[in-house]
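Same chain, two versions here, written out as structure tokens and called structure 1 and structure 2.
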Structure 1
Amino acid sequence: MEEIGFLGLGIMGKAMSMNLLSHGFKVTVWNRTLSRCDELVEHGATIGETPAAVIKKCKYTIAMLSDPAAALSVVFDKDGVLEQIGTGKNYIDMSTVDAETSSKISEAITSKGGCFLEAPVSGSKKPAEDGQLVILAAGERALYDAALPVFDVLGKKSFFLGQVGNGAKMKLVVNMTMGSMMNAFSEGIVLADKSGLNPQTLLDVLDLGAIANPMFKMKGPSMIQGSYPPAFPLKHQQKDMRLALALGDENSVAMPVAAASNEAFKKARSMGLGDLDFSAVHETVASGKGSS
């Protein structure tokens, strides 16, 4: 593939752009705070002054933005994607948004002759750095096929899920499940501790049983220490819970566990924990200020 444009250099976007550079891709980057681009420039990236400038320069542009509002503004605002998108231009949005947002972006891009693919990812900072993300793509099949060399660098497995919206929905289901599990795990750690058990022993027992999983193993030790370096910020997890609950509303699916988990994440945000890792929801139980 020719030069790749990359819009959005948060925790994920920065790691993914760096990965592309280290695998020999030419990358032009843009971020709302342009100073975020400096480290990537040191590794060979070029800066695009606006999203429109990146689209103009690159045949393929990837976006990795924080939420639906950011994803929409980069496309529709002044100097945005729509000002330069057209025939022969390809836009891959890897942000986690709802299906409605994804469809709105898709319609705008395709109406100007551009190609669109949504491709949200499952995985946080470390998988992004290691190229071990799971890519949940939907939209233009030809663009998916053309993007596979890039996806093979960024991820360990890519899925093509059909029409636009399906990638967004799959990502929300995955993150809703993850957020609900994190709350149950937090309650387990605190219950073990308050019951006079060693929480580390709980981790060892869980790791040997049927509910062993990488998230418990990776997050558990730092949670016990009360340390939450942000791999996936809690405020973004709460946003995904909210979007998943809205999807549940649309489909008349009762989600009492997810709803309770969302309340816990909201409580954590009110406690000032939004920029910490989503595992900081543990503090809503550990501090005795639970969401109930």
Structure 2
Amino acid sequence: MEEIGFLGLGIMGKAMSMNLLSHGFKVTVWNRTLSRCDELVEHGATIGETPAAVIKKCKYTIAMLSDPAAALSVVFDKDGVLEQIGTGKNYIDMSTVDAETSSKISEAITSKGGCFLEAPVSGSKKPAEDGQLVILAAGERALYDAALPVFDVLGKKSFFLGQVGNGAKMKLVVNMTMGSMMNAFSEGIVLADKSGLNPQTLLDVLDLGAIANPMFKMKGPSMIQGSYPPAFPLKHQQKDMRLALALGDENSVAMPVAAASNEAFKKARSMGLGDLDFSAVHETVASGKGSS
């Protein structure tokens, strides 16, 4: 893996390709707005004019696009990946997309003889810059093995999860668990407050015990203030809860707590909180005014 292609230089993609450069990889970059490539070029990257051109040049190409539409476009549109993919070419999509999108891309690549790996990540800007992402890979095992030196640069840990789609599913399970925890936390904060306890003290007590975790520590203080700057928007969290419940439906798994949590997030959306951080579900518990 001497020469690596890299498609997509958003916040994440830029940080990741910079990491590859600084670890001695040769990188050929492409971005829809080509001017975003300039900084990378200053650090030694080469520019590819189109996705197809990058694929043609490199044996291994990584994509980090913003959403399913962009991920599909880069592959299927004119001058796209499909035009040059084929035997001996390897494509690793690290974008966060749903299982269906991932499968569509996988089938197109492999039917032309290429190798495919989905590898969505857990972690945002800071971990991307620090090479501390968690990588959830699935698809072609041989490609995963070959990509390990790259993953070691980009993340603190990578997992191979089996067939294409499993990366997306793993993210759903994690986010569902996180969403229910956020509801549990919100109910605890409000119960403390309404029972005459200091919610900040609750945070301090929680942080010393068996359920202490970074999310409570990071979001608790602003939740108490009623402030929810969007890190992970509530409407996206609710969408993931819905998809996780649908996954449970397919597999006959009843999940009453996730279902109750999902309704709380829906309630929050109906209150106009969908664009705030998902911790704004706190408002659905706290919002009562009077009592009788």
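Keep in mind the model is a prediction, meaning the values are calculated, not measured. Each residue is numbered by where it sits in the sequence of structure 1, with counting from 1. Rigid core (definition): largest C-alpha set, two forms, superposition within 1.5 Å.
K.L.:
Of these two, which one is the form predicted in complex with another copy of the chain?
P.N.:
It is the second structure that is the form predicted in complex with another copy of the chain.
K.L.:
How about Asp204 - superposed on the rigid core, does its CA move between the two structures by 2 Å or more?
P.N.:
Yes: Asp204 shifts by at least 2 Å between the two structures.
K.L.:
Using the core for the fit, does the CA position of Phe265 change by 2 Å or more between the two structures?
P.N.:
Yes; Phe265 is a residue whose C-alpha shifts (by 2 Å or more) between the two structures when the cores are overlaid.
K.L.:
If you fit the C-alpha atoms of each rigid part, what angle in whole degrees does the small part swing through between the two structures?
P.N.:
Angle reported for the domain motion between the two structures: 23 degrees.
K.L.:
So if we fit the rigid core, how much does the CA of Leu172 shift between the two structures, in Å?
P.N.:
A shift of 3.5 Å.
K.L.:
Would you mind giving the Cα movement of Pro233 between the two structures in Å, after fitting on the rigid core?
P.N.:
A shift of 8.3 Å.
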